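Read the single chain below, which is given as structure tokens and is the form predicted on its own.
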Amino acid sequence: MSGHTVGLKAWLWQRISAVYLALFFVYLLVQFYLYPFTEYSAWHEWIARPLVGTAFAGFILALLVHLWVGLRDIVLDYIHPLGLRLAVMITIAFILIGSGFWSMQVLILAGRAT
């Protein structure tokens, strides 16, 4: 395969993640409009449901993929020295991975707590 498919794959991941993010956002708007949470316990009960927790995990994953592709493209377009480009991309990767682990930990703890 040639290097041309790398850009196509990145474009596809960006679009797939954007669609999921948009659909999830619409779901949240409808959910909060129809069933507004007036107490923490009601919100916690909702977020602790397995389907909702899984959807939130998918949202976090889609957000991280979307961020990575977008930031990677910006770095590749505007940072030309190879060493600096590599350092910035590694820094972004560590920040996104750390944010992903932290977010998943919050979701797991929200699902366990009573």
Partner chain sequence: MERLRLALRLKRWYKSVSCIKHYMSKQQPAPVYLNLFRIRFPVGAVTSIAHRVSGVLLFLALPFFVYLLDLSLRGPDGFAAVIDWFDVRLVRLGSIIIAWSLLHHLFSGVRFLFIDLEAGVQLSQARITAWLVNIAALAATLVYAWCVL
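Since the model is a prediction, treat every value here as computed from it, not as a measurement. Take the two forms, superpose them, and find the largest set of C-alpha atoms that agree within 1.5 Å; that set is the rigid core. Numbering follows the first chain given and starts at 1.
Absent from the display: the form predicted together with its partner chain. The rest refers to it.
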Q: Tell me, yes or no, whether residue 40 is in contact with its partner chain in the model of the complex, where a contact means a heavy atom of each within 4.5 Å.
A: yes
Q: Tell me, yes or no, whether residue 82 is in contact with its partner chain in the model of the complex, where a contact means a heavy atom of each within 4.5 Å.
A: no
Q) Quick one: is residue 78 in contact with its partner chain in the model of the complex, heavy atoms, 4.5 Å cut-off? A) yes
Q: Flag residue 74 as yes or no: does it have a non-hydrogen atom within 4.5 angstroms of any non-hydrogen atom of its partner chain in the model of the complex?
A: yes
Q. So which bits of 71-106 sit within 4.5 Å of its partner chain in the model of the complex, heavy atoms only?
A. 71, 73, 74, 77, 78, 92, 95, 96, 99, 102, 103, 106
Q) Core aligned, does the CA of residue 38 move at least 2 Å between this form and the one not shown? A) yes
Q: Answer yes if the Cα of residue 82 shifts by 2 angstroms or more between this form and the one not shown on a rigid-core superposition, and no otherwise.
A: no
